[in-house]
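This document opens with one chain alone, in structure tokens, the form predicted on its own.
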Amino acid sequence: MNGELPSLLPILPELILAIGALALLMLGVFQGDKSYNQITNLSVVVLILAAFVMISYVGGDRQETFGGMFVTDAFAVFTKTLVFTGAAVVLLISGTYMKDNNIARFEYPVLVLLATLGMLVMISAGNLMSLYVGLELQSLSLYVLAAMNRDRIRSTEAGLKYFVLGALSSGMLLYGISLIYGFAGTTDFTYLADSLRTGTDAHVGVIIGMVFLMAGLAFKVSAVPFHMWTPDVYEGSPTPVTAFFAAAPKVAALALFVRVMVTAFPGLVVEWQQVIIFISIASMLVGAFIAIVQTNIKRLLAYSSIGHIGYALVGLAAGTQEGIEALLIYIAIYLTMTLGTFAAVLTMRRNESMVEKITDLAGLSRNNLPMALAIAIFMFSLAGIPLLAGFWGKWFVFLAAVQAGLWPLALIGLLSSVVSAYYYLRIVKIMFFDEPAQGFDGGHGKSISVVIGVAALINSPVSYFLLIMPLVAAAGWAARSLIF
């Protein structure tokens, strides 16, 4: 320790988020749950302010602070922007649901802010210690969010399952970190990468530690075979919380996965590439085949998210800058598809109660054609139908895999896409060709309609001009900032 204070500029957005969360927590403590709307709106303002400071003042140049434990660069700016977007949108679409289910408590937006803070620390981790701190800050907030509706058995069960399995994954992750430190002598990503580059062969203890570390990270992104918690937690949690799980934490965990593998273990790319290929293939196949038999829309979306994690990991498996660029494009598009779909699920209310069966969408086109068209766009995009946004996401990850010589992986991804198209198209068929069921209740709020409309526009065929071209440029800029 040289006694000098670390620079706080790189961590300024995180400080804004931390101070904002604590201030809003105090406001909620004194004003109670009647301040829910006020705290939710202020939380969105805090998120926007932190994002603005990150883009305007911190920027995309590589900066380190706290002895290299916290790193910010273009990759961090790109992925943090997605996390900010996901968190803000989820807060905006939560209001009606939380009030209808009597869970509009001021803790909810504060917990979302704290979880987002953990995600930002994860994305900027430059050391295994800061990685763990960020991961646990996010996870502890998410455990509570899953059990937010504590008067409902399914919600408390979801929170308990997530906590128990999350604790198990944290144990594996910590065991991996201890092995890596024990055999490599450092937890710093840069020193770790240098020692593995200059050494002859990596010690087998480091490789085993890395595999345990990857197992913990695979749990966080719900990749197979560590996906078991996902369907139950998605189904049991309040729907806005499920939307949050499917959006921001997935982006943050994937970004962390990429940063750890690329910057800490570049010398072991052959070893970790095999593990990534396995969990990518397993996730794509499990997501494609098990979703076919689901009857609950939230469970179907859970298996869908497992499959999409498999597609995203195809980019990481390539182990190239083009692969990381493709992964970033994929998760950005996945975020828009997921937020739009869950916003649509939030409109599935009948007789003032939420309905979640896929058959509840029967004949929706005759009751509410704009909503049916929007959901159809999301389903086509999730399936990867050409010219929609989801198609371009898969196109770039499969192309990166082929360029890296992993054409069997790309072929398996293509075939699983064909299988998964079945259950997405089944929803479209139910909406447009089945006999109409009772219509859904109105009054779900303007913010949900706006999110659905914007997400549908982004995922429509015009996305190539609206989203894909600028997204490719931004993802390339972000991927180049990582040290390969």
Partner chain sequence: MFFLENHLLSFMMIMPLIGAGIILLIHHQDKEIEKRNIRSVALFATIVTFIMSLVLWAGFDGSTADFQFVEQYNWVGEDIKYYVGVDGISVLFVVLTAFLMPIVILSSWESIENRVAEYMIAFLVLETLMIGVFTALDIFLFYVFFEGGLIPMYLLIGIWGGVNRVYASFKFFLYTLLGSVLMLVAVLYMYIETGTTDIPALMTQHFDPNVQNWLWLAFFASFAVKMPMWPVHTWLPDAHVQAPTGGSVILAGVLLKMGGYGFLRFSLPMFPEATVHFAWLVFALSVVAIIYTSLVALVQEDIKKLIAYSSVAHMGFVTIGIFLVNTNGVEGAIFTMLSHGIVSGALFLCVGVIYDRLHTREISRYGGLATNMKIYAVLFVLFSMASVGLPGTSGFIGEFLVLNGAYTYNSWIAFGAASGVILGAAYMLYLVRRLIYGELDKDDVKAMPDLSLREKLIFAPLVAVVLWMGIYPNSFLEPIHTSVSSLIETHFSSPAADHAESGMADAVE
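Residue numbers count along the first chain shown, from 1. These numbers were taken from a predicted model, which means no experiment stands behind them.
Omitted from view is the form predicted together with the partner chain, to which the following refers.
>> With the distance limit set at 4.5 angstroms and only heavy atoms considered, check whether 88, 160 and 260 all reach the partner chain in the predicted complex.
In response: So, no: the whole triplet misses the partner chain.
> Any chance residue 276 has a heavy atom within 4.5 Å of the partner chain in the predicted complex?
Replying inline: It does not: once the partner chain is placed as it appears in the predicted complex, residue 276 has no heavy atom within 4.5 Å of it.
> Applying a 4.5 Å heavy atom distance criterion, does residue 229 contact the partner chain in the predicted complex?
Replying inline: No, residue 229 sits far enough from the partner chain in the predicted complex that none of its heavy atoms falls within 4.5 Å.
> So, in the predicted complex, is residue 289 in contact with the partner chain at a 4.5 angstroms heavy atom limit?
Replying inline: The answer is no: residue 289 has no heavy atom within 4.5 Å of the partner chain.
> Can any non-hydrogen atom of residue 359 be found within 4.5 angstroms of the partner chain in the predicted complex?
Replying inline: No - in the predicted complex, heavy atoms of residue 359 and the partner chain never come within 4.5 Å of each other.
> Here the chain is shown alone; which of 303, 97, 396, 311 has a heavy atom within 4.5 Å of the partner chain in the predicted complex?
Replying inline: Flagged contact: 396.
>> Just to be sure I understand the contacts: of 22, 9, 15, 469, which is the one whose heavy atoms reach within 4.5 angstroms of the partner chain in the predicted complex?
In response: Contact residue from the list: 469.
>> Given the stretches 217-225, 73-81, 381-389, 98-106, which is the single one in contact with the partner chain in the predicted complex, using a heavy atom cutoff of 4.5 Å?
In response: After filtering at 4.5 Å, what remains is 381-389.
> What residues of 397-414, in sequence order, lie within 4.5 Å of the partner chain in the predicted complex by heavy atom?
Replying inline: In sequence order, 398, 399, 402, 403, 407, 411, 414 come within 4.5 Å of the partner.
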